[in-house]
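The chain below stands alone and is given as structure tokens, in the form predicted on its own.
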């Protein structure tokens, strides 16, 4: 069975894939902008490819975010509850997140199949769209596995989950100016 540290390592790899996608988007948009302003020409399908890569980055990043429990949250009610109720709220909330990701993976898989059979392509270079959607689906599938692993550990071994870090926690440790 996979240990929490092995799963955290997998989440880090998944996070790197999302980061790589963002780096390629940045480079593509930078080069496209330079070519447009310096040479009065554009890179064919730059916008379409950047949009597809953004979807890949978001859906691959979802897995890491879910495993580390770094979703945006407002815990006003949660903070006022006793620990036993907090635990139940955490399990219920993560059950909802997991259900959403499972449904998203299922729907996106259907979309990949539809696009594959339809032969949809980008407008300029006629690149097939299904590989981009397929890579995005792989990211959601990885997120599904990480969400399920987190849910199982949250129910049976909550102490083994990685600690969630917060920008607010880091800001509280830093001295303020003034």
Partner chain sequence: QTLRFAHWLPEQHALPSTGFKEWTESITEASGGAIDFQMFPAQQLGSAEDHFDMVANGIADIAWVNPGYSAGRFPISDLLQLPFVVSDTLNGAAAATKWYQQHADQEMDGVVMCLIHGHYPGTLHAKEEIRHPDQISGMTIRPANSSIANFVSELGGASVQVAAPETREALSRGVADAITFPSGSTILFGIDEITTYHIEFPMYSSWQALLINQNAYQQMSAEQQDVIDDHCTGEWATRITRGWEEMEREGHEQFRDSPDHTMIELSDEEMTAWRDAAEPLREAWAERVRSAGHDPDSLRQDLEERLSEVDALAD
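Residue numbers count along the first chain shown, from 1. A quick note: this is a predicted structure, and the numbers were derived from the prediction, not measured.
Not on display, but discussed next: the form predicted in complex with the partner chain.
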Quiz item: Within 4.5 Å of the partner chain in the predicted bound form, do 141, 144 and 152 each have at least one heavy atom?
Solution: no
Quiz item: Does residue 119 reach the partner chain in the predicted bound form, with heavy atoms at most 4.5 Å apart?
Solution: yes
Quiz prompt | Members of 79-116 lying within 4.5 angstroms of the partner chain, judged by heavy atom, in the predicted bound form | solution = 111, 114
